[in-house]
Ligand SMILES: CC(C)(COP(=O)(O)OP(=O)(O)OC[C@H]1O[C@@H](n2cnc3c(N)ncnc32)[C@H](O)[C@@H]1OP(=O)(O)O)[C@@H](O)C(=O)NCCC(=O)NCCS
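Okay, so here's just one chain, in C-alpha cells, the form predicted alone.
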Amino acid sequence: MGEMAYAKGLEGVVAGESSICRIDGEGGRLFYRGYSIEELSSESSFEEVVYLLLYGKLPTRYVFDEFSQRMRSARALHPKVVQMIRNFPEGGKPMELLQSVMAYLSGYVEHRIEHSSECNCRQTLHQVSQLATVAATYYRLKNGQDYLEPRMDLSHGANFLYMLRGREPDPDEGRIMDACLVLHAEHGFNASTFTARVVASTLSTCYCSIAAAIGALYGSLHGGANEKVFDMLERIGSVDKVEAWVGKAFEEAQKIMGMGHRIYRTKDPRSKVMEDFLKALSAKTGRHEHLDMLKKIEQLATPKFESKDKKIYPNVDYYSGSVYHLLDIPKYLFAPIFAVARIAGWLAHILEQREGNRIFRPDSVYTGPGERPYERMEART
C-alpha cells in the first residue's frame, strides 16, 4: 500500500457529493439548489428557502401555504422546554444552551423515529421552527421577561424580532431579518455541516446530529466572527481613527476581523447583500457610525492586501453584526442567530447523507513512537 495523502484540515479533500449548495470561490457566487443567493435573499423568504433546501425545488403556492402553516405551527415551545431554559445555569453560554436544548426537544415531538435511515423531520419541522423560539426565549428570560407565544401571521425573521421585543417589527426590519436568515441558511461542507453529516452517517438521530453541529459552530473559528468584528469596531471607536488603526494593524500583521474566507477569492456575495441591509438600516435609524467605519476599513485594507497579492475581502460576518446591532439585537445572540438560520442547511445535509449512506471513517497518519516494551512502574524513571 502506497503512502497515504494527507491534507491538514482536509483542505482540498473531496469528502462526498451534494446537490444542495454550489460555491464559486473565484467568481464570488453562491447558489442553493441552483438559485443564486442574490435572488433568494431579495425575492424569497426563509420559509421558502427551508422548503427548497429540504425538497430540492421551489414550492407552488398551494404547497408553500401548507408547508408554511406546518412550520409556523411548530414554533411554540412545550412548557417543560421553557422551564429547562429558565433553569439553565446563569453562567452558561447561549450556544451551550442551544446545544443542550436540542437534545431536550427530541423528547417533545410526536411520532419520533430513532436510529433509523428514515426520518420524519421534513414533516415535523420541529428543530428548524423551534430553535429561533429557543434563542428568543433565552433572551426574554435572561432579561426578566416572560415567555412570549410566537405569532402565526409573521415570517420567521419578523416573528423572531417580535419575540425578542414583545412588539411587531416594522415591515422593513422583518424583511431584513428574514433575509439575513436566508443568507446564513447553507454553505456547503463547512465545519458544522460536516460535523452534522459525520454524526448522521452513524444513523444517529437528527437531534444528535444538529446538537453536534451547534457544538462545532460554537467554536471561535467558525460561528463567532461577527462578534469579533463588532469588538473591533468598538476598539477603534470612530471613523476618524480608522486610518491609523488600519496602518498599525498592517505594521503588526494583525488580522482584520471579517475579512478573508477559506473559499472565496473575491468579496463574499453574502457580504454585498449584508452591506446593502446595513446601508438601509443606517439611513432609517440615522446611525451611520458602523457603516462609515466598515467602509473605510475596507477601502484602506483591500488595496494593501492586493499589493501583497493576497485575495482577502469582506466575508458575510463583516457587516452582519452591525446589521443585527441596528435591529437592537445584543452581541451574545449573534452566534445563536447563525444557528437559527444554518439549521435548515444542517437538516438538508443530514437527510442527503442518509441517501446511500456510508459511515465516515478516515485514516490518519501515525506520528507516535515505534513498538516498545512495557516497563513495570517500579522500573520507570
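From 1 onward, residues are counted along the sequence shown. As the structure is a prediction and not an experimental result, all values here were calculated from the model.
This protein has a second form, the form predicted in complex with the ligand, left out of what is shown; the following refers to that one.
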Point to revise | Interface residue in the predicted complex among Leu351, Leu333, Ile312, Leu58, criterion: non-hydrogen atom within 4.5 angstroms of the ligand | key: Ile312
Review point. Given that the ligand is left out here, which of Ile256, Cys121, Ala74, Ala216 has a heavy atom within 4.5 Å of it in the predicted complex?
Key: Ile256
Check your understanding: Where does the ligand sit in the predicted complex: which of 235-243, 200-208, 257-265, 140-148, heavy atoms within 4.5 Å?
Key -> 257-265
Point to revise | Close approach of Glu47 to the ligand in the predicted complex, 4.5 Å, heavy atom | key: no
Exercise for review: With heavy atoms only and a cut-off of 4.5 Å, decide whether Phe305 touches the ligand in the predicted complex.
Suggested key: yes
Review point. Can any non-hydrogen atom of Ala225 be found within 4.5 angstroms of the ligand in the predicted complex?
Key: yes
